[in-house]
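Presented as structure tokens, the chain that follows is alone, the form predicted alone.
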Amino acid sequence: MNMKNKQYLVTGAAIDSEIGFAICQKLDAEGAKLILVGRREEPLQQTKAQLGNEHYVIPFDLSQLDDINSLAMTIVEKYGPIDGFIHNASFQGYSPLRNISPKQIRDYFDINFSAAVMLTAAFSRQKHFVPGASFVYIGSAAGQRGLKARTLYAASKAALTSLTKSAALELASKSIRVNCVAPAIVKGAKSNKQFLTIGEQQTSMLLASHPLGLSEPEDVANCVYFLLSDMSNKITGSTLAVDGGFLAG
């Protein structure tokens, strides 16, 4: 589907976000206009410089939950209503139970879950969205399968899956679809860093648990594109795994 004249907001759109950048490249190639959101302006500008169409950069810290409504109002006033958003921004890491603190809980849930709730509430207001809009969260296979020492990350991503179902039911009357994409391990610098952290033995086990191999960032971007497009116009409340078979085992 040609996305010319469509406008989407992408969080976590910095060039060093492998999935976020791949999503931006895919939507740009299909003609969409993008609103690039992230904490750091320079990496957002670098993303914009790599794309071909007209796009906008808005530096914003999504952990500032009280300001998300104002962010949405500013975006709509400047650029008009959106055809959807992709919440890709994510707080990641390991959280062994022996070291968990209340601040860590807030760090994971503010970005991964609470920001998604606030974005959904803000952009589902009248005149903030185009009828037929599609909201997509980037979740994780970790939210559907237990992983040692990833309690907070997994729980925050599981919460996104639950949000997807409830928000889809509530917003269907507004012709807004809500879905989630759940990657497992995705190739790139972040997964390489993860492998160094967990060691050779656990890395081998993780690789073996992906029978089709690790996904590429482009695989996730293609799934997002499908969920934004009219090809999925009867899909809502779903979490689609892009996991190389990780959840099948």
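Numbers follow the displayed sequence, beginning with 1. As the structure is a prediction and not an experimental result, all values here were calculated from the model.
Just so you know, the form predicted in complex with a small molecule exists too; it's not on screen, but the next bit is about it.
D61 is the sole member of E216, D67, D61, E30 with a non-hydrogen atom lying within 4.5 angstroms of the small molecule in the predicted complex.
Proximity to the small molecule in the predicted complex, taken as a non-hydrogen atom within 4.5 angstroms, holds for one residue of Q92, S114, Q144, Q104, which is Q92.
Only one segment in the set 168 to 176, 127 to 135, 149 to 157, 95 to 103 has any non-hydrogen atom within 4.5 angstroms of the small molecule in the predicted complex, and it is 149 to 157. Contact check for L227: every heavy atom lies farther than 4.5 Å from the small molecule in the predicted complex. Not displayed here, the small molecule is kept clear of K48 by more than 4.5 Å at the level of heavy atoms in the predicted complex. When contacts are judged by a 4.5 Å heavy atom cut-off, A221 does not count as touching the small molecule in the predicted complex.
In the predicted complex, the small molecule lies farther than 4.5 Å from every heavy atom of C24.
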